[in-house]
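Only one chain is included here, represented as C-alpha cells and corresponding to the form predicted on its own.
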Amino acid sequence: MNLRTPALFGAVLGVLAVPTLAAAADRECAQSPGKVIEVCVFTKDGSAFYEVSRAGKPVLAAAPLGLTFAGEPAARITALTAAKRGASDTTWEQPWGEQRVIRDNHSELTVSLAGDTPLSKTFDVTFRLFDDGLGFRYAYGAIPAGQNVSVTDDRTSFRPVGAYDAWWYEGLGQERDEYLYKQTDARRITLAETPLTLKRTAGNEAGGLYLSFHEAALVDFPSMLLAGDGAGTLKARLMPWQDGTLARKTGPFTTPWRTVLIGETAGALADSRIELNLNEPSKIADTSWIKPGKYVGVWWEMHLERSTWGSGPKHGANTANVERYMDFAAKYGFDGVLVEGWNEGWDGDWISNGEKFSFTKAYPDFDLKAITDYGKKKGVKLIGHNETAGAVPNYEAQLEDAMKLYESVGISQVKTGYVRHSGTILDQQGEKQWFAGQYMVRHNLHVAQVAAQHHISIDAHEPVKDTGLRRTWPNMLSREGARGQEFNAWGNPTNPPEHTTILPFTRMLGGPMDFTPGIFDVVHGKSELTRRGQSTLAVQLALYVVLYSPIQMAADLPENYEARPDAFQFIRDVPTDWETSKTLQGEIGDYIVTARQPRGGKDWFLGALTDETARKLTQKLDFLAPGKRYEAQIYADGPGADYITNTTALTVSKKVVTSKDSLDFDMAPGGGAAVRFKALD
C-alpha cells in the first residue's frame, strides 16, 4: 500500500500565518483566534509555570511545566529565552467520522526555557489555543541524537480555579478502563484516568463552566493519569515501566499534547474537535478501503452461555452457525459478521495461557475459506477476531502471517482483545506491563501499522485509550476502553441507566467507542436487576446515535430482532458515517440529546437518553434545513415503559415537521427516544 510522511490530509482551505520569533519577556501570553482563551507562561523561583483564563476570568491557576530525567536532579528553570508565535486557519476532511469537514483554527505560542541541568539545558513548550480549549507539549530538541534518556517525573499539573464536581474512576485498576464512573467533589480525586471531566459547582461566582483534561497524539509515550492532592490540583502521573521509569526515549523527542477542553455547556465538550486537530494528518494516502458499517456476530450468544468460545459440542464458531449469521446479515443489509472463538487456543484457562493462541489455525469445525467465500456471494464480510489474553510476544510473532492470511481471504476488519489484568501483561523480557504504559502504546500502534499494510482496519478492545490518533492512522476504526454492553450480560453490577449519559461527556471525548448496542431482550431471563440490562428498548435504539462509532454492532440474537421488526427498522436505517454531529442538550449523568446527519445525505437522526429518572424534554428542530419538510419517524418509550418493570414497551409514530417545529420527549425511567428525520423535499 501507499504510506506517506505527514502531510495535510484531504482538502485544505484557509490561511497559515508565518511564525514570528522574538526575544522573550519575563512573561509571554497568547490568545485564541476569537480572543476567548488566553494562556500565559512565566518563570518563578526556579520553575516554569502556565496559567489559563477564559473571557478574562481565570480558569487554571499557575501550575508547573517540564520533565525530570534519570541521572540528574529536577532542573531549575532559570529563564524564558525566546518566544515564537503563529496562527493557522484551515479545514481538512476525514475519510470517515462524526464530522466530515473539520476546521482547525488556532493560534500558537512556543516558548523556549533554559534549565540548569544538561538534559533540560534548553527545551520548548508549544501551546495551541482554540476558542474551546488548548493543547500543549514539550520538545526536548537539544538532547543529542541517539542519546538514550529516562523520564522519571512529569511535572505537568492542572489547577482549576473554583469548586468542581468530577466524574472519574480509579486509575491503574486491574480491569483497565472498565469501571463505573463516580461523581465526587474534584478534591476527592486520588488517581484518575483521562478524559477527566469537571463541572464547576453551582453558586461559584465565576459562573458555570465545564473542563476536561486528556491528551492527544499518544505515540511512544506512556498514558497520562491525573493524581489529586486533596486540594484541587491534578498532577500528571505516567504509567511506568517495571523499574519505575516512566518513559524511555532517544533524543531528541517530543511528548504527546496535554489537552484542556473548556466550555459553558457539557455539549460544548462533546462537540470539540481539538483531539483530532492536534494529531498529524493521515499517513495512509489511499483510504478508500477503510469502510464504516454495521455488523452482527457470534458473540452475544456466548455471553448468554448458549454457546462457547472453546471447542466442544456447544462451540459457537462453527461453519454452519456463521453462515446462518451471514444469511441474516445479507437479508437485513449488514456489512459484516464478527466471529469470536474461531481459532485454536480458547480451551481451558485461556486468560492464563494466552501464548497458546494461534491466529492462523482454526478449530476443525470452522472452515475459514469456505465461510469467506460464502460471505462474498452474500455481499457480507467476515470480521476477524484476535484475542491475545495479553500475551503480546505471541501475538507479535504471528502478526504478519495472520494479517497476510486475513487479507488473502477478504477480511478487512479485525477486532483485537487484551483480556488480562492490567499490570500483568508480560513483554518479551518477561517483565510485567500496564495496559497503557509505553510498551503497550507502542504495541497498539504497531498492530495498526502492520494491519494497514494489508488493508485491514482495527477495532481494539481492552485498548490504550483513544487520543485522536485515528486521524493519522484512520484504519484505527474504533475502540472499547470503557464498560460496554457485555457487562449487561454478566456484570454484577450491570451498567446503570446513568452510565450512557456519562460516557458522551467523559470516555467519548477521546474518540469512538465500540459499545455494541442494540440488545432487545435486555432482561435475558434474569430477575435480579444488577445481573441484566438496565434500559428500555428505546434506549437501545438511541445508543446508535448518542455513542458514536464508525462500526456499530447489532449485538442481540437474530431471532430477537425478527421478533421486533418495528424496533429493528431503526437499526437497519441508521448509518454510521456522518456529515455533521451536534449535541443539542445534556447534563453529565442525567440526560443527553444528540443529532447527526448522514454523510452526503439530507436526513437527520436523533438519539435521546435519560438516567433512572423519568424526564420530559422539548427539543427545537432548528438543526434541520430551513424551508424543508421531514417525516419524523419517532421510536419512543411506550405506555408503562420502565427499565425495571417494563423494558420492551415501545411506540412508533410518524409526523411531518420542519425546522420551525419542536418535539416533546416523555422519557421513562431508564428510557429514551430515537428519531429518523426523513427528508421529503
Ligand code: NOJ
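Predicted model only: the values in this text are computed from it and were never measured. Numbering starts at 1 and runs along the sequence shown.
One more form of this protein exists, namely the form predicted together with this ligand; it is left out here, but the text below deals with it.
Just one listed stretch, out of 531-539, 346-354, 258-266, 133-141, contacts this ligand in the predicted bound form at the 4.5 Å heavy atom level, and that stretch is 346-354.
At the 4.5 Å threshold, heavy atoms of residue 385 reach this ligand in the predicted bound form. Although the partner is absent here, residue 249 is not a contact residue: none of its heavy atoms lies within 4.5 angstroms of this ligand in the predicted bound form. In the predicted bound form, at least one heavy atom of residue 309 sits within 4.5 Å of this ligand.
In the predicted bound form, this ligand sits beyond 4.5 Å of every heavy atom of residue 104. Checking 461, 273, 454, 237 for any heavy atom within 4.5 Å of this ligand in the predicted bound form turns up a single hit: 461. Between this ligand and the residues 340, 521, 498, 301, the one pair within 4.5 Å by heavy atoms in the predicted bound form involves 340. In the predicted bound form, this ligand lies within 4.5 angstroms of at least one heavy atom of each of the following residues of 405-424: 415, 419, in sequence order.
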